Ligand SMILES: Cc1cc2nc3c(=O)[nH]c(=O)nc-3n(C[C@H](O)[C@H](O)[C@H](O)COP(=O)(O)OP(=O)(O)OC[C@H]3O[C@@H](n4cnc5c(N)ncnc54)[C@H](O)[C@@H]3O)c2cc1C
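Given next, in structure tokens, is a single chain: the form predicted on its own.
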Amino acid sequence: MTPGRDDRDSAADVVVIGAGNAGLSAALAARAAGAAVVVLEAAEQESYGSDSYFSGGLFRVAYDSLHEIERIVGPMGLDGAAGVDDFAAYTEADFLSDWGRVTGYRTDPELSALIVEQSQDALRWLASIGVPFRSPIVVDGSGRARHSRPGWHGGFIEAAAAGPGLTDALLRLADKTGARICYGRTAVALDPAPDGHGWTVQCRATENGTTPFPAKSVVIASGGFQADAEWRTRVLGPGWDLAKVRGSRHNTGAGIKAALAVGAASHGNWSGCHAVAWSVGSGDAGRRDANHVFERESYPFGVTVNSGGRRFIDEGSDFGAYTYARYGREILAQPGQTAWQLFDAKASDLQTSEYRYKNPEAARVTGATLAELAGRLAGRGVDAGQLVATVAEFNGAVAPAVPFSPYVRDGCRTTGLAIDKTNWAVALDTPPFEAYEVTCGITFTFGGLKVDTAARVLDVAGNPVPRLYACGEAVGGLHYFNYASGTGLTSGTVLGRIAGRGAAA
């Protein structure tokens, strides 16, 4: 169903709010169980783009052998490649350990254990119904197996064509299986059915006011509240209205608000969010032509300074997979909410493909010498003298005789600095030099609704709200302070499938 068509025939067994990875996983699971399904999507069809669409399409998955991954992605062609043993297994214990470590062990233990345990099965399910996947493990020119994003760590598979490929496949499957998608419909309220056996979802439609959608069960999969500048500033704190929104402009927390209004319990790290280093030239939220090309996550292989020319983070504290989602907050706290990532020629082969996205908005400055680069940055408000001094001090603090390796925590570090770099510390001394201006890009918020392992929304007393489910970024309690890359899409699929099956039943 598209905007402008008659919504009167809108009764369904299950109404899913949100057409991203989690919502469409729920819709497909409910359809497979025989339920009539309507999916309400706030975006218009021609401008559709959920947060899943704007993602890199990366799923974190537990596996005991690469043969298990090949059951999802097909033959990987890694025979004889050096370093392939580094990827031989990523067990459930590994997954849980990494997830717990980066969240200070605050992640909901039952939900995280469920998601990890079902991660591989859920992805096999998606592959079996027609979502194409590929392995992000590649063999480089030296014959070494490595992740396509140098320095990334964990067990992963990747949707073919990244986020757009993932959502395009899910939308096609929804259409094929008969799930009706109603675009331009923002769910704003949940009205309990008079007999207590269902809901009416009240939607704000773009062209004809409020439209009711009755359903026996409802699945909330409408994301977090990161696109609502007022709400995120009130909850996350001063300055967050200045963060760039990486994904959909429709993720304003409407589904969360509607559930809270009928007694659902809030849960999780409401002052926390996934926030990355993001190009200052990204423009407004939800640019379908750009997807995630403005992400700048190769900072472990360079030096990051603020406009005062000073370092303010340990760029090598951990693999980028475990720091990229928290360093956006550190950038937002700098003067002007910006910073500069500095690299020399040695890092060019280690930068992700997003750094090659060159256009007038790319915020890239180059110099044949460090002094020339600093002089050009002075015209952009950077203290050039301090920048040169910072790099010189950094270069002099790099520990000698420690071999550099981007594939492990190599212990190649500095000593004696106010903020030491604990891995991948290599002197910036090989021209040409380049700098990328970055700001904070918010991906999603961590606070949300409390659910149980059946994806049922719980009330403040801990009891299930009848016939109400949630999945995806609307769920709180999974992420605290930080984020392990790939857990978002995986948890969306796992809890989405559980929610769809439960709602259909």
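For every residue, the number given is its place in the sequence shown, counted from 1. The model shown is predicted, which means the values in this text are computed figures rather than measured ones.
This protein has a second form, the form predicted together with this ligand, left out of what is shown; the following refers to that one.
K.L.:
Wondering, does F54 line up within 4.5 Å of this ligand in the predicted complex on heavy atoms?
P.N.:
Contact check for F54: yes, within 4.5 Å of this ligand in the predicted complex.
K.L.:
Would V219 count as touching this ligand in the predicted complex under a 4.5 Å heavy atom rule?
P.N.:
So V219 does not count as contacting this ligand.
K.L.:
Can A455 be called a contact residue for this ligand in the predicted complex at 4.5 Å between heavy atoms?
P.N.:
Outside the cut-off, so no.
K.L.:
With the partner left out here, check for me: in the predicted complex, does some heavy atom of T186 sit within 4.5 Å of this ligand?
P.N.:
Residue-level check for T186: yes, a contact with this ligand.
K.L.:
Which of these stretches, 469-477, 447-455, 65-73, 29-37, has heavy atoms within 4.5 Å of this ligand in the predicted complex?
P.N.:
Only one stretch qualifies here: 469-477.
K.L.:
Residue by residue through 15-34, which ones have a non-hydrogen atom no more than 4.5 angstroms from this ligand in the predicted complex?
P.N.:
Residues within 4.5 Å: I17, G18, A19, G20, N21, A22, G23.
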